[in-house]
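Just one chain is shown here, as structure tokens, and it is the form predicted on its own.
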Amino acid sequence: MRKYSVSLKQWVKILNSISAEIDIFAPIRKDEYLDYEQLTEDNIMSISYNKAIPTTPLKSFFFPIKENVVREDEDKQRVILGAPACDLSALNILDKIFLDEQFLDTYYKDKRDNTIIIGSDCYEISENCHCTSYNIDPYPKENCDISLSLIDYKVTLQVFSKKGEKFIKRFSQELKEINKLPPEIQKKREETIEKLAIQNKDLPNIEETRKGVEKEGTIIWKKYAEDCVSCGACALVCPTCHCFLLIDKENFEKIKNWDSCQYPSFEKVAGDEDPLAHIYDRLKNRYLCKYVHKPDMYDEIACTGCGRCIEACIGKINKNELIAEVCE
């Protein structure tokens, strides 16, 4: 994998030049919130580098909240800068689902093909980050075209794919090729891993979590469900959740719209039967899906430890506290 170095000042000039031709989205912090925005001359100096984590999961760029699936327009090329490792890992499941040859989602595929993903190391973590608990390192290792690290006003880029190589060629004359990653990057990565280990020292690992979720009956689910309002926020901000509805509209339009297993009537069928009629059943089903069903179906755990569901929960349900109690 080829590696490059460039000053932050020159990197900003490169982004300015490219953004005139291609849409670039990057994390911008406003007050306490960090989320993706399309880059302009006004906000390009406000990009937040190596910080965890954008409010919007990466999936929304490929699996939009609402999408007309009978359209004929083509997706334009774009760049997503600053994708954290937890969201990159989530693409393992989404790709297996939406790029399955037997059930290929051409709209998802077009967006994946036309998007250059620049992953980002995490040198700052949030209070709910726990990626390493699920064997995910807090820096890009897969599913991105380029990775980026910023230390002391110097940007280090590492190319992961042919698509990334082609993109780098646009401005390679302005970069300095290097043989290996600077030692400062490895030091920062180790420090982040240590922070996460300390923060999540009491959180059960994947195997323990699966056993706990499978054996638990209804007591703990009923306890935590008392605070659940079935808003579905946990599923909507989750980087791996992928349930959707197809809604027929006028003029033969068909809209693909995000759905959530936490909504009432999510599994209601003919005869008014509903196996998930109770809130606590829906809550349990969500965890079974994450830690049991998805690993069985796709050999991938469906939680990447981003912690967004904890932050988004209106009922203040802390997933990590629930898991710890289930595994006692």
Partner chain sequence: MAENNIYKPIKYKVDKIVEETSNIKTFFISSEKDFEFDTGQFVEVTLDGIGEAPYTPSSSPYIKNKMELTIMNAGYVTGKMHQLKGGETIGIRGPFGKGYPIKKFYGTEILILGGGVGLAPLRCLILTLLEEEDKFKKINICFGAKTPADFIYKDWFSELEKHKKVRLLRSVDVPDKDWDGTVGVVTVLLDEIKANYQEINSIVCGPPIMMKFGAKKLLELGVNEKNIYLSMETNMSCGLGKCGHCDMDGLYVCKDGPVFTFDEVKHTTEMKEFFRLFKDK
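Numbering follows the first chain given and starts at 1. This one's a predicted model, so the numbers in the text were calculated from it and none came from an experiment.
One more form of this protein should be noted, the form predicted in complex with the partner chain, which is absent from this view; the next part is about it.
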| query | finding |
| --- | --- |
| Which of 235-243, 187-195, 81-89, 157-165 lines the interface with the partner chain in the model of the complex (heavy atom within 4.5 Å) | 235-243 |
| Output flag, V213, W221 and E311 jointly within 4.5 Å of the partner chain in the model of the complex, heavy atom basis | no |
| Non-hydrogen atom contact S46 with the partner chain in the model of the complex at 4.5 angstroms | no |
| R170, heavy atom within 4.5 angstroms of the partner chain in the model of the complex | no |
| Distance check, S265 to the partner chain in the model of the complex, heavy atom within 4.5 Å | yes |
| The partner chain contact at R112 in the model of the complex, heavy atom, 4.5 Å | no |
| Listed residue (L150, L175, L203, I97) with a non-hydrogen atom within 4.5 angstroms of the partner chain in the model of the complex | I97 |
| Heavy atom contacts to the partner chain in the model of the complex at 4.5 Å, residues of 237-254 in sequence order | H242, C243, F244, L245, L246, D248, K249, E250, N251, F252, K254 |
